[in-house]
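One chain follows as structure tokens, the form predicted on its own.
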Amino acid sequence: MTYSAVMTTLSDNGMPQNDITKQARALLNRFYGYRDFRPGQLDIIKSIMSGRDTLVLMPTGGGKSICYQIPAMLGEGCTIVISPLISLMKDQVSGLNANGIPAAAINSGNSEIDNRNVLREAMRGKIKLLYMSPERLMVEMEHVDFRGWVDLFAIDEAHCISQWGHDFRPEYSALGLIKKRMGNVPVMALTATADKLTRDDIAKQLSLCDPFVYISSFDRPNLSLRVIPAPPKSKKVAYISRLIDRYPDDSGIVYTLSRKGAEAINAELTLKGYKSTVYHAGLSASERDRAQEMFINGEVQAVCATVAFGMGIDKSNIRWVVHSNMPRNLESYYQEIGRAGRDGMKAETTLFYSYADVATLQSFINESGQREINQEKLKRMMEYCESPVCRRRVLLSYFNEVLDHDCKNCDVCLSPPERFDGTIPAQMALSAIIRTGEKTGIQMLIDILRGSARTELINLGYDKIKTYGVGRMIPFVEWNEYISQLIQLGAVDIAYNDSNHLKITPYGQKILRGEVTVMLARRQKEATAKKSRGAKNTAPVNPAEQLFSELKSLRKELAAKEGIPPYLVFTDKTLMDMVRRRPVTMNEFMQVEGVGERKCVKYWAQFTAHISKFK
């Protein structure tokens, strides 16, 4: 059923046009096959439909695209979506068209005649979502009047506009022009990776007017987190091989710092007989496109790549991500591991960490335009790798989200260090931060606690405050570690835009007031990495697993006939719901989560026939 047919049906049913909630749920059900929205999505949709600028922070796979696709269908006009990559546009447009939603893109991958035709169709109301790059939008705004036919501008990967973001792109800087030219049209900024500093800068750079800000939880509990001291290359390859063996019908990504590293691991995996490919900026455009196409279509089990790979990928069944080297900051790391398990099913992430990586990244930082901020972010990345604290708590605290319990799904939780009640030393440190007016960094804070007599401290009068010298009995190294843990647990924040001064968070205030206790870890000096549990599972396959495997094969066959990626037919999560429900009629098939009306009509016969035969 097409978009126009659905809207006609809604109108014919007499549904009040101002009942946004009912209309939005009806569209969600018919086009996407979902019964209800995820937390926050409906609030965001209502904000946009009221004409308000909106800033959305949701993790990868959290459902950001629904937040502007539903308003696009609810509105009379067209939604312009700003996207940084042609591959991302292509993926989104294919997915929307597969669901029966009219969408198109204007980019350099099309002929200019096709681009002109697409623009005319959008202006006539025939296209609901029109994708463009930032550069292309600026060009079009010079000679096309967007007033009257555009309802919304949605800016994806909005962290690219901020100098504080991990992926700053100068071409995004001009997007502030949208509000100046189209002040009455709402602007939605969306990103999966932005700390508080970056979030505030996004709103400022885009001139958002009193925006509704929705910050989703950054937690992805289905992702396991593991950091391992980097072994020799042969052992890395053996570890990756075991992951491929564990998920033979799915895909994974190996990230490396260098093109040479990507080539080397790919060669080793290929030599072992695995279906692997390589992707980096040194390849030709056609080679990169071919590698990405093979990965998306499930023709390879692994792609070995530099960070150039991944932003345009919406593949739902990536089951593992390995970082062969340490990323340069936690934003990049979070975004890259977030490409695994987008369907909500379990996925594994592993980071191999070494000081050689630190030296390499340091050289990159020295050549960057923001040496000081990048240096601090690298330091936080190193602390994550070396942390004796639950890794998920460290990661979430970086994005200003406090998790008050250990996750039980990371290597630290599975093999915890010795812990002790660290409330007293924590209160000492927090009190000293308060008494300095939150105007001190880590080094000065430790000097105050240990009663240092250095000149700068005396000149600032810090020897007069009540907490001066209260922690003399604790060595400098231990204080450094405890304060790092307080930062990692979300009790203390580092203000990068204020000389890296320490600030106490609401959670830190609770510790200071004695409302909660805090457990700190004593690092084991000779901790050894747990051996990977990588042996092949030789247990007999149960019927549910067998049916799931057969449905994946059927999906792959249907996708190949249509020339589309398998996940655009159905996601793994939808196939799992089929396994659970075992539908054998059209009506039963329509009840499967992720089956909209268009896909039900298109695929029900093949899938229900296979399930009936299996039964």
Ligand code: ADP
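No experiment lies behind these values; they were computed from the predicted model shown. Note that residue numbering begins at 1 and tracks the sequence as displayed.
From this point on, the text means the form predicted together with this ligand, which you will not see here.
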### Message
Residue-level question: is Ser47 within 4.5 Å of this ligand in the model of the complex, judged on heavy atoms?
### Response
no
### Message
Residue-level question: is Lys556 within 4.5 Å of this ligand in the model of the complex, judged on heavy atoms?
### Response
no
### Query
Is Phe548 a contact residue for this ligand in the model of the complex, using a 4.5 Å heavy atom cut-off?
no
#### Entry: Contact test in the model of the complex: Glu593 vs this ligand, heavy atoms, 4.5 Å
yes
### Task
Sort through Pro583, Pro565, Gly40, Pro59 and report the residue having a heavy atom within 4.5 Å of this ligand in the model of the complex.
Pro59
### Query
Among 583 to 591, 557 to 565, 31 to 39, 47 to 55, which stretch sits within 4.5 Å of this ligand in the model of the complex, heavy atoms only?
31 to 39
### Query
What residues of 548 to 574, in sequence order, lie within 4.5 Å of this ligand in the model of the complex by heavy atom?
Thr571
